[in-house]
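Before any questions on how it binds or moves, here is one chain, the form predicted on its own, in structure tokens.
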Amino acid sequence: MRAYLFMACLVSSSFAYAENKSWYDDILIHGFISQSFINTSDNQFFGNSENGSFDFSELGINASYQLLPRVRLAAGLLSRQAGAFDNGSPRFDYALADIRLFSNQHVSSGIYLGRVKNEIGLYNSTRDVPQTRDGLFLPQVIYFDKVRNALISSDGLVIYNNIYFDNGTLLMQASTGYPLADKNVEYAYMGNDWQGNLQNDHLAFSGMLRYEQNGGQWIYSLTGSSFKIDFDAKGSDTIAAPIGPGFNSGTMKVDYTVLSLQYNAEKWQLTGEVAFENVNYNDIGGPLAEMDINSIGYYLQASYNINTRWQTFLRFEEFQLNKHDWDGKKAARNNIKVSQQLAGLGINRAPIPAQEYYSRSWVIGTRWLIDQRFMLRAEYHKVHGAATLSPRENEVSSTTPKWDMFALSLSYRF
């Protein structure tokens, strides 16, 4: 609601612009429906996937309206069922006013105001629509579905400036707003659903610098985001946590940077992205008292357009929760020692295994455009590690290190 009042004021001024024509002539509406089936050999991904899960479905409606010659309104309403992460409740992924301040053949600049998309990597701002994703799932080592809502958008504003050269376009953005942290973020960054609440009271900052050469044949991109989230313990410091003292109220500070490179040919597309994430915990205590995260994730992908209807891709992706402890070997040894020490005090806690600190996978997939509206996708993942899985769906002490996943989806757009 922080930025929507401004949009309401803009709506009240639309009648002068629409005086001589129907207001609905300038509305563009489109949307999509997608239903997926997921089966894993071990571990859970979007529901009880070991037995086959249909708990991943998406329904979205996007609309835009040219309110004034320099003002466009746009919104996207999404209903998403995704295992334990989302229950299908509709929400606005974005709802903004695009105010164009200046535009000519060399430069265009303006402001987005409202619930705005965060430009992280090449795909975050368009990941809602199945037809814009390279695969059924974006690479989980960078576009984490387990913290999706915190990455996808924020309530605030974006200042953008595009410069057009003879051989390319330079895109620049700077934004600030309040992140949309939810219970999934607490599970991902704190390991469980503790007594207490996350609060999004700190402004986040993000930026994008992207150069698209020769009409997008080459794309070079640097994006980043920095945000802080408060944890209000609400008395949980008096409750025993699994490894001893409970949590106190404190903050988590997250810095996320993504470097991207893409080459687009007539039939081929080669993409590589690498992400660096630093998470610092302040005053929260409990098992996070001495913990900071310095992770790295990357993927390399080759896509090939067989013809206008069929596409296939091959991808390798890797994530390391601690770039100074490859494959979590040191952390696993330390967890065994801590569990043994706690057992001597009468506290039973299973050690966190090494596979929780890394993930490596090969992914092969295909896409069939049945017609202009229907699309069928299938992909197979060969995975080693469990770092991209969420403790909301899996018990971290008992995940299986080597597992497979098959996924199939049917999408319709209108």
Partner chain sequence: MILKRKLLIAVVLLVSSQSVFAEEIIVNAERQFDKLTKTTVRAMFAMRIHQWSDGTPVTVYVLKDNNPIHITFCKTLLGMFPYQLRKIWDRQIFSGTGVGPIQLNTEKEMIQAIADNKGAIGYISSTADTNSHSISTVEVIK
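The shown structure was predicted, so the numbers you read here are calculated from the model rather than taken from an experiment. Numbering follows the first chain given and starts at 1.
This protein has a second form, the form predicted in complex with the partner chain, left out of what is shown; the following refers to that one.
Colleague: For the partner chain, considered in the predicted complex: do all three of S53, N87 and K253 come within 4.5 Å of it, counting heavy atoms only?
Modeller: None of them does, since no heavy atom lies within 4.5 Å of the partner.
Colleague: What is the one choice in I229, L171, L180, A331 with a heavy atom within 4.5 Å of the partner chain in the predicted complex?
Modeller: For this set of options, the contacting one is L171.
Colleague: State the residue from N149, N200, N322, Q262 whose non-hydrogen atoms include one within 4.5 Å of the partner chain in the predicted complex.
Modeller: Exactly one listed residue reaches within 4.5 Å, namely Q262.
Colleague: Only one of 276-284, 149-157, 183-191, 304-312 gets a heavy atom within 4.5 Å of the partner chain in the predicted complex; which is it?
Modeller: Stretch 304-312 is the one.
Colleague: So in the predicted complex, does any heavy atom of S249 sit within 4.5 Å of the partner chain?
Modeller: No, no contact at 4.5 Å.
Colleague: If you check in the predicted complex, is N335 within 4.5 Å of the partner chain, heavy atoms only?
Modeller: Close contact is absent here: in the predicted complex, N335 is far from the partner chain, nothing within 4.5 Å, heavy atoms only.
Colleague: Is R80 close enough to touch the partner chain in the predicted complex, meaning at least one heavy atom pair within 4.5 Å?
Modeller: Contact with the partner chain, no.
Colleague: Against the partner chain in the predicted complex, would D134 count as a contact residue? Criterion: heavy atoms within 4.5 Å.
Modeller: Output for D134 is yes: heavy atoms within 4.5 Å of the partner chain.
Colleague: Suppose contact means any heavy atom within 4.5 Å; which members of 47-80 contact the partner chain in the predicted complex?
Modeller: Read in sequence order, the residues that approach the partner chain (within 4.5 Å, in the predicted complex) are N62, S64, R72, A74.
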